[in-house]
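Given as structure tokens, the chain that follows is alone and in the form predicted alone.
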């Protein structure tokens, strides 16, 4: 059976098991508390030298890390991964956008405000710029969704899963999603898909 090492509440981990739920794949969830350094132990670093979650353990004992890579591995040959060359590239385009222009700001603001009781002076000083860049990413998404049902090919797929994970909890980082009617409609569309599970779903 597949094993997923994860921290409940993580958007990156959530992507993995949202897809697995929608594919109907059985798996074992193994919690690793990143707040207690449980992904930095010598034992875990043998599984993932980068010391992060999610980490997927395949049936043969191979380990795969980085949420985008895990998504592609699991979705290969299914409707979630487009067969069309351009649509595959567009899916990667949005997944790279999520990791470089979206997650570093939306997820960080949420992590600081949702998981920490108090911010450090350095975090307080950096927060306005993180919020600005997070809103810039949401602006890009809103413009695209004004004329698209889903992110690629007007079909639900990996790009939607990647972007949904942290966008649907962006309010926990105090982002105001009421400013984004197209994003709000898209979030409801994704939530209505078969096999949807919540980010705090207990395995």
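Predicted, not measured: the structure shown is a model, and the values here were computed from it. Residue numbers count along the first chain shown, from 1.
One more form of this protein should be noted, the form predicted in complex with another copy of the chain, which is absent from this view; the next part is about it.
S.K.: Name the residue from 146, 69, 177, 30 that puts a heavy atom within 4.5 Å of another copy of the chain in the model of the complex.
M.R.: Of 146, 69, 177, 30, the residue with a heavy atom within 4.5 Å of another copy of the chain in the model of the complex is 69.
S.K.: Candidate spot 114, 142 and 192, all three in 4.5 Å heavy atom range of another copy of the chain in the model of the complex?
M.R.: Not a single residue of the candidate spot has a heavy atom within 4.5 Å of another copy of the chain in the model of the complex.
S.K.: Hey, in the model of the complex, is residue 65 touching another copy of the chain, heavy atoms inside 4.5 Å?
M.R.: Although another copy of the chain is absent here, residue 65 would touch it in the model of the complex, with heavy atoms inside 4.5 Å.
S.K.: Would residue 95 sit within 4.5 Å of another copy of the chain in the model of the complex, counting heavy atoms only?
M.R.: Yes.
S.K.: With the cut-off set at 4.5 Å between non-hydrogen atoms, does residue 168 touch another copy of the chain in the model of the complex?
M.R.: Outside the cut-off, so no.
S.K.: Can you tell me whether residue 119 touches another copy of the chain? I mean in the model of the complex, with a 4.5 angstroms heavy atom cut-off.
M.R.: Heavy-atom contact with another copy of the chain at 4.5 Å: absent for residue 119.
S.K.: Looking at another copy of the chain in the model of the complex, which residues in 74-94 have at least one heavy atom within 4.5 Å of it?
M.R.: Heavy-atom contacts within 4.5 Å come from 74, 76, 85, 86, 88, 89, 90, 92, 93, 94.
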